[in-house]
Structure formats: structure tokens, C-alpha cells
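The form predicted alone is given below as one chain in C-alpha cells.
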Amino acid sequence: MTMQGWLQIALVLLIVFLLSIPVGSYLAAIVMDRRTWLDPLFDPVDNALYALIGREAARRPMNWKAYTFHMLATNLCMAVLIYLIMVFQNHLPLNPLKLPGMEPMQAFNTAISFITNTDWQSYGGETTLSNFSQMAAITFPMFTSATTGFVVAMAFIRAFTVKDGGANLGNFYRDLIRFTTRVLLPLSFVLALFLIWQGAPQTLDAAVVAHPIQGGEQGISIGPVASFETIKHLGTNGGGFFNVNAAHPFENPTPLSNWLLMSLMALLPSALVVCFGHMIGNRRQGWVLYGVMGAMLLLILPVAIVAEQAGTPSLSQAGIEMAATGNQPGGNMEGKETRFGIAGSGLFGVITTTFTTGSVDSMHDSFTPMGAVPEFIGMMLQNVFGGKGVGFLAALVYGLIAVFIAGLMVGRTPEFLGKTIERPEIIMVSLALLIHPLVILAPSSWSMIAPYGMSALGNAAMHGYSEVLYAFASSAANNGSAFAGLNANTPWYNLALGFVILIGRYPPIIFMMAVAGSVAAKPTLATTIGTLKTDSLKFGAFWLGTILVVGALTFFPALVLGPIAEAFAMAHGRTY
């Protein structure tokens, strides 16, 4: 890797860090109902939406049960609507190519995927969905699913700050509307204009006809791509308007757009941590969590970059130069865009899996085995920043476990933000923690022995196992990217991945909201000499160690059977 490549990586991370500070403050102002200079612009929009759903419904205080119920009911209604749009798209407008309705089982998988911010796709976007379906069934839930994760996290944080015993953790509808109208919609509109400037299409036409120099005609798919791409990345959604995702020049036209898309994926999840510090009135605590997440990102990122630059023994034997020079990129460029190189593709791959977006600008199935390990780790830990809300809650799961363990070790009552952490909370937290490995490892193992699971593999041995493991890790983590060698459009994978997405998304949220209700009902304890401080560098290191140790014990054996075993095999001249 050249110095220029490392500087590109450092610049993107620095931009994200600097932007996350003011954006985090802005998010806190929205969540805490503080006045902002944009209020005169957005208040009329908010009020119009409150009138549509009923002003009383948007005013009513909600405890954790009410908040969770309204979130689940709203998501269910939207999922049914999305399913019907895709199944009956042949009867709906803006379908000039006369595409048929989606097969019901695949529509189930897709509806579940996009309502949960996962955006896993077992279809080719431009050949399967009409422009109406792309907008109404895909782009629309990209706003609502991203907002759902964010507002649930905000409700959880309020549990540590309210003084009413947990009777008011906010109002789901008010939170949903304010975050959508004041954050996602305006930013998406402005950034879509930037992508149009860079060359992304934005039209209701389905295709244009080109006349290649060799003669004949070629149909080129187009559509409302720029608007799709902005919310796709800003909302950590993923998916692709085109089958090859952000590797397509219409989705990601230039190196500058590549930088923008990477920054968008990382912006709001990192800003959420800054917002957390503002909400609890302890910015130091927010920066401790930011440091824990940032340290994990900086630990795994170089692994991917160095491994891809080092290439593989088979590439070296073929006479391909591994070292980067001013004339050629070197390393493993299979499946990567020459526009972006190893630096742009490797950083994109790590960001999209650690911030659980799922967009790709290169083919992850073509990464070296060790180059793919950081992508697995990001999805398995799910809190190397993670997506909006869900990754944050996953980090707090480990934080509460760290508090409990540390309290037992030093003989102090486990406390977090002034609330005691006792048996009921730890039971709920443990259940939330155990669901993630369960829905990854159990169906992955079954798929490797069941004939209907094995028949979809594109590769044999360790790499085939990696494809399956990646699919279930991606689904459980609300990520959505894939090792494309796996044919996921089969009855087994459509159903199995759909249920993994459901179980990986909602039960952990329910358990964490139950924790919120429990801690909100407790009095806030005054800080004393016996209080375990969680906003110190020492506890931050312990928090990080808890994540790494628990994550290694849970997932390392699975990684050994897949990408790590393949890396050792390739080092000894064996390929599969």
C-alpha cells in the first residue's frame, strides 16, 4: 500500500470524526426538544404529519411497553404493504418494462429485509423491480427502518434520565417524524443533488437505448438512482438499485462519490454516540464509548487492507506484482474497481460491515480469506459502531455486562449512569446477547449438512462454508451484504434468512426496551466514593476487553472453520 492509499483512508476517517461532533449535537437537540435554527422550516412539516396520524397519538407519553408495541405494530403494517407492492407490481404504475410480480417467498424475504434496515437482496434490482417498487417498497422503508433503530436507542437512553419512574420514554410517532423530517429527508435531498452532479441518474424512465460501435442496440437500465443511493448510505441501509450495488458506475460514479458514500455510512452511527453523551449530561461517558468503538475499527481495518495488498500465493505464482507502485495497484484486485483500488475498496468493505450498511463497491467473495475476516468481525460483534440504534444498543449490552462483571470483581454494586444493574436486567441483557450468535451459528451449521442448503453453494470446502456463514451473519446483523457465490434465491435461504433477520432485529430490541423499563423505574443514585466509574479510560479498556473476549469465545471457532482455515490452506498451495 502506498502512502497515498493510507492518507486516503486517514482522510475519510478524519472527516467522519470531525462531522460527527456537530451532527451529534444536532441530533441531541432534536431528541431533547431543544430549539434549532431549522425549526421554522420543519415545524410546519411536522405539524402536518401530526395532523394526519392524530395529534393526540403524537403527544401521548409512552412507557417501554407502549413504545415497543407501537414500534412493532407500525413496522408490521409497513412490511405487509411492502410485500403487497412487490407481489402485485405488475398491476401498479411506473412499470414500463412490464416486470412481473415478485415470487411470494422471495417477496417475504425482501419485505422483511427492508423493513428491518437489513436490505438483503436475493434478486437483481434492475431486472426484478419496477421504478414504483424501487421507490415505494425499497426507498420508503429505508427512511422508516433507519429511523426506527435510532428512536428505539433514544428511548433506551431516556430510561437513564427520566424522573417519572419510566412512564414517559418519549412518543414513538413524534420521534419517528422528527428524525425523518429533520435529519434524513433534508440531508438525502441535498446529497442526491451532489450525486446527480457526479453522474448518478435521477429519472422515472426505466432504460435508455445505446448504439455500441460494433453495431446493434443495447438497453441500459436507469431510474431514480441518486435518491436511492443517498438514503441507502445515510440510513445505513444497503441494498442496490442495480445488481452489482455501488460497484455500478451509475450508483457510484467517481472516486469523489466513493468518499462521500463511505462518509455517509459512518456519519450518523458515530454521531449517535456523541448524541448519547449530550443526552445523559456526561460527554465524557459518550467519548469513552466512542473510543471503544473507534479502537475496534482501527484494530481490524489494517488487517483487511494489508491482506488485500499482500494478495495470495496463486497470484504471485501467476506473475502478478503484489507491491503497489505509481503505475499499478498491485495486490488482489480481483472483484475490485480500478477506480477505487485496494484502499478505496478495502475501506468501503470494512465500513459497510462495521457500520452494518451492506452496500458494496467491490465483490467481497473475491477478497482474500484474511481480508474478509474483518468484515465477519464487524457483523458478528455488531457494535464496531454498527448501524443507527441497533449497533449502539449492542455496545450497551456489552457495557452492562462489563459493569456487572467489574462490580463483582471489585465488590461494588454494579451501576451504570446512576442506575443499579441487578438480576432482572442481566437476564434480559444476556438473552439479547445470546440471540445474535444463535441465529448465525445454528442455521449456518444446518445449511452445511442439509442438501437444500448445500445445493446453493457456489464453492466447495471452507470457502463454501464462509459464503453461508457470511449470509447468516449479514442477516442477523441487519447488514445485507453477501458473498455473492451463494445462490440465496431458494426456498430454504429465502425463508431461513428472512426469519434470521426477524429474530436478529426485534427480540433484542424488545429485551433491551424491557431493561429500559426496569432501570427507568429505579431511583438515580448519587455518585459516592464507592461508585464504579464507567466514564474512565480504565473502564473503557475493560469494556473493550469484554467485547473482544466474549466475541472471540463466541465466534472464533466458526471463523477458524471458514476464512482462517482457507487462509492457511492457501498459504500451503491449496485452493478450493
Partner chain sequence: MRAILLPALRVTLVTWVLCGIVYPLAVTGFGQWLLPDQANGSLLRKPDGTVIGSRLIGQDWIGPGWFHGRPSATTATDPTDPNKTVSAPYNAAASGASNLGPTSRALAERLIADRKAAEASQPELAGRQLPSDMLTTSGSGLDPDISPAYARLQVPRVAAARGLAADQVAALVRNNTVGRSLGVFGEPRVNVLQLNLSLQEMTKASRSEGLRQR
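Remember, it's a predicted structure, so these values are computed and weren't measured experimentally. Residue numbers count along the first chain shown, from 1.
This protein has a second form, the form predicted together with its partner chain, left out of what is shown; the following refers to that one.
Using a 4.5 Å cutoff between non-hydrogen atoms, Phe392 does not count as a contact of its partner chain in the model of the complex. Interface residue remark: Leu176 is counted as part of the site for its partner chain in the model of the complex, having a heavy atom within 4.5 Å. When contacts are judged by a 4.5 Å heavy atom cut-off, Leu537 does not count as touching its partner chain in the model of the complex. Mapping the unseen interface onto this chain, Leu561 falls outside it, with no heavy atom inside 4.5 Å of its partner chain in the model of the complex.
Remark: of stretches 495-503, 159-167, 407-415, 331-339, the one touching its partner chain in the model of the complex is 331-339 (heavy atom within 4.5 Å).
Among the residues Asn95, Thr490, Ser221, Asn282, the one placing a heavy atom within 4.5 Å of its partner chain in the model of the complex is Ser221. For the residues Pro249, Pro302, Pro100, Pro104, the 4.5 Å heavy atom test against its partner chain in the model of the complex is passed only by Pro249. Contacts to its partner chain in the model of the complex (heavy atom within 4.5 Å) from stretch 86-123: none.
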